[in-house]
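Starting off, we have a lone chain in the form predicted alone, written out as structure tokens.
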């Protein structure tokens, strides 16, 4: 949805990075953005190529503490979490910082709980990046979102990949957490 919001705001090019085929396909089909599978390509090299060597103007990190990466840094972050030495896995934030052009903006909207290690503060300073972060502020944005939906500019039906009854709540949350059966969102409806 961050990709679609960027498109509605007039962004010239939007690239979504993920490793799950079903989510990448949803982006291509329902959002119309370009996609990169970070397990298949060198994301930093691809983004530099797409931007003429400069890097994206804005990088949005939208995964939060559930971030994954194919390299050894992921194991490092996972061990630090299990030892309670850090609460989150900042792999996607790190990559956003390294990818973003000098003078660009890195926006974090993924959920984080507290502390991270190996945060590339030197890269932030040397590249003169602006860091921003926030949760979705419903009172401010819901009226605008509903206007976009009423005009057909924003579709959300494709996100509800698993409609379930309230009684299936624990199973739906587990499926979402484990990324099982292509679960992007489990939606619970009484009597479903």
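Numbering follows the first chain given and starts at 1. Just so we're clear, the structure is a prediction, and the values are computed from it rather than from any experiment.
Omitted here: the form predicted together with a small molecule. The next part is about that form.
**Request:** Would you check, heavy atoms only and a 4.5 Å threshold, whether residue 29 touches the small molecule in the predicted complex?
**Result:** Heavy-atom contact with the small molecule at 4.5 Å: absent for residue 29.
**Prompt:** Does the small molecule come within 4.5 Å of any heavy atom of residue 68 in the predicted complex?
**Reply:** Yes, residue 68 is a contact residue.
**Request:** Check whether residue 56 has any heavy atom within 4.5 Å of a heavy atom of the small molecule in the predicted complex, and answer yes or no.
**Result:** Outside the cut-off, so no.
**Asked** So in the predicted complex, does residue 135 come within 4.5 Å of the small molecule, heavy atom to heavy atom?
**Response** Result yes; residue 135 sits at the interface with the small molecule in the predicted complex.
**Request:** Mind telling me which stretch in 119-127, 142-150, 59-67, 44-52 gets its heavy atoms within 4.5 Å of the small molecule in the predicted complex?
**Result:** Result of the contact check: 59-67.
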